[in-house]
Ligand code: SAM
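What follows is a single chain, given as structure tokens, in the form predicted alone.
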Amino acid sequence: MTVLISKRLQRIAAQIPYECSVADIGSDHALLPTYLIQKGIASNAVAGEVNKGPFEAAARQVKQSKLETRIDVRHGDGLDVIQKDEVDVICIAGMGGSLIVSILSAGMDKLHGVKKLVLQPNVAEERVREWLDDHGWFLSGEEVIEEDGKFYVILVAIPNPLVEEHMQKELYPATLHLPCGVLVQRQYIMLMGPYCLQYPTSDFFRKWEWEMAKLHRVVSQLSQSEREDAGKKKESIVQKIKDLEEVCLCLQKAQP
């Protein structure tokens, strides 16, 4: 029986090329590798887990699915579970952007030969975009999805040598002129995503409505704070909200 996976994992699976070898880092119950093998997408997979409980759950899932010869469940930290040139695709999903960056940085030598990264940070996706840009990876696609009231960003990257030079230069310019007329600064291109800004979806707009609501709550808390730096922090966040509102309003007006 084919394992059932969430919408989030289905969208991640949709980014995996056929007949490739995959490493799923932080695999939890190994649902993604199991699905990829059962659907005939991946040829083989590594399910890596640093925590004992999830590692044992992943091993049980693979055994119950009778996929022990196709999925290797390994206990280890980050990219320590794979060898150089062992896999074509690395997936890291369901953790914070800072942790994803830490895992990639610690395992730089394991990225040799990898043809694609599929990354799904729960927060701080801008840090992942910045790391990719700084370390020779081209963001080839991104997607915002909503599931059960939560928003997820899926980032797909390929090594820069596989990308034409003009594409690399155009992805993260100092500023981006939107069709609606607003000039977006680089920090917001990194924050909101270059593809998402050019091809916004309803999930994208809902995500940023939710993010701005969080920022408004922070402003309310700072208004009641007696800390010396509260005023400056509040002013900075208020400006950020204004900038985000301007971008979102402009994009919405430009929608067909």
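A quick note: this is a predicted structure, and the numbers were derived from the prediction, not measured. From 1 onward, residues are counted along the sequence shown.
The discussion below concerns the form predicted in complex with S-adenosylmethionine (SAM), not included here.
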Contact test in the predicted bound form: Gln64 vs S-adenosylmethionine (SAM), heavy atoms, 4.5 Å: no
Contact test in the predicted bound form: Pro54 vs S-adenosylmethionine (SAM), heavy atoms, 4.5 Å: yes
Leu99, heavy atom within 4.5 angstroms of S-adenosylmethionine (SAM) in the predicted bound form: yes
Exercise: Pro159 in contact with S-adenosylmethionine (SAM) in the predicted bound form, heavy atom 4.5 Å: no
Contact test, all of Thr34, Val46 and Val114, partner S-adenosylmethionine (SAM) in the predicted bound form, heavy atom 4.5 Å: no
In the predicted bound form, segment of 222-230, 207-215, 46-54, 191-199 with a heavy atom within 4.5 Å of S-adenosylmethionine (SAM): 46-54
Gly141, Pro173, Gly136, Gly76 - the one with a heavy atom within 4.5 Å of S-adenosylmethionine (SAM) in the predicted bound form: Gly76
Among the candidates Ile145, Val89, Ala93, Val182, the residue which, in the predicted bound form, approaches S-adenosylmethionine (SAM) to within 4.5 Å (heavy atoms): Ala93
Residues of stretch 229-255 in contact with S-adenosylmethionine (SAM) in the predicted bound form (4.5 Å, non-hydrogen atom): none
